[in-house]
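Just the one chain here, the form predicted alone, laid out as structure tokens.
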């Protein structure tokens, strides 16, 4: 009975965050008053909008580098691509593809820089990537606010500030808005099961197809030589180095891949939104993606594709229902806004605390095992 009990306890401990969010959502949905059709439609849109960004976090976790707060570097690269595409008035799918192509070399360069810095901060990758994001954000804003329109030619006057240089705070992406989502129109419903009724909902099939291809890429990548090396490094960096695996080089490659994928994910996200907030869009990309992954039951050292989709559903379901539930319960929608911002930062802090506690516990267990073995050896003598 003990193994079963311990297994159940470990399951509850590992799944505590998703369980809490399921309970919160179950209480908030009826309070919000939203229909099933509205909730399902919003979730379908948000899953397509956010999943690619969250999936880009998996490869650094596989390589033992924790949560890649530096994914915002890739988001900035994607936004630079979108600014140039908007300046050249290239719309539709060609605009999206070209924005990704332009953003790729920028993302590779930033990913290489991030990976090289993280190799000099082994064991402190998350806080280092977080601070590095602030530093590169300053460089990004210098380029966008001062260089574009001055050193970097921008021909479209609607993008440039009235002073003659610098990009406006909001850039319209109407020529690309939901173009990928509507590429393959797919509608299901209406659906009636007993008392339950749901009207027809639209599925962004092309976006889901891109996400599915990405998921298969991750599954394939784990089986490659490079993927196996990353998993070995994630399990024990010292043993991997002794086995001849180029640890530093492999870690840099993991961050470069993650940064490039975050670049593509940001382009997909912003084409759905239809507006680029030049100076702030990338800030939320990293924080909300990491929070969603953790809410899906992932940890700093373990994450899978299932955690991504469970997390995006639970996190964004809370985003949808919390403001209206707060308004109906307290008379103020702002209560729900405060709650979801609190949860976004709080869940990350909780994950980092639990990770530090687990590492400390593992070290204490190893020390205890060593002391026991030494005592056993002395007793045998």
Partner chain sequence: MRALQRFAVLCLILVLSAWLFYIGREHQVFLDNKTIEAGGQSFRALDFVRVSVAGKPPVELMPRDRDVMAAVGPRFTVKVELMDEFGEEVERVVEKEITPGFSGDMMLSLPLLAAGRDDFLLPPPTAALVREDREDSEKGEPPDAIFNGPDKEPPL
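These numbers come from a predicted model, not from an experiment. Positions refer to the first chain, counted from 1.
Just so you know, the form predicted together with its partner chain exists too; it's not on screen, but the next bit is about it.
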property: Contact at 89, 94 and 97 by its partner chain in the predicted bound form, all three, heavy atom at most 4.5 Å; result: yes
property: 4.5 Å heavy atom contact, residue 189 and its partner chain in the predicted bound form; result: no
property: 4.5 Å heavy atom contact, residue 274 and its partner chain in the predicted bound form; result: no
property: Contact of residue 213 with its partner chain in the predicted bound form (heavy atom, 4.5 Å); result: no
property: Touches its partner chain in the predicted bound form: residue 101 (any heavy atom, 4.5 Å); result: yes
property: One stretch from 126 to 134, 290 to 298, 222 to 230, 155 to 163 that, in the predicted bound form, holds residues within 4.5 Å of its partner chain by heavy atom; result: 155 to 163
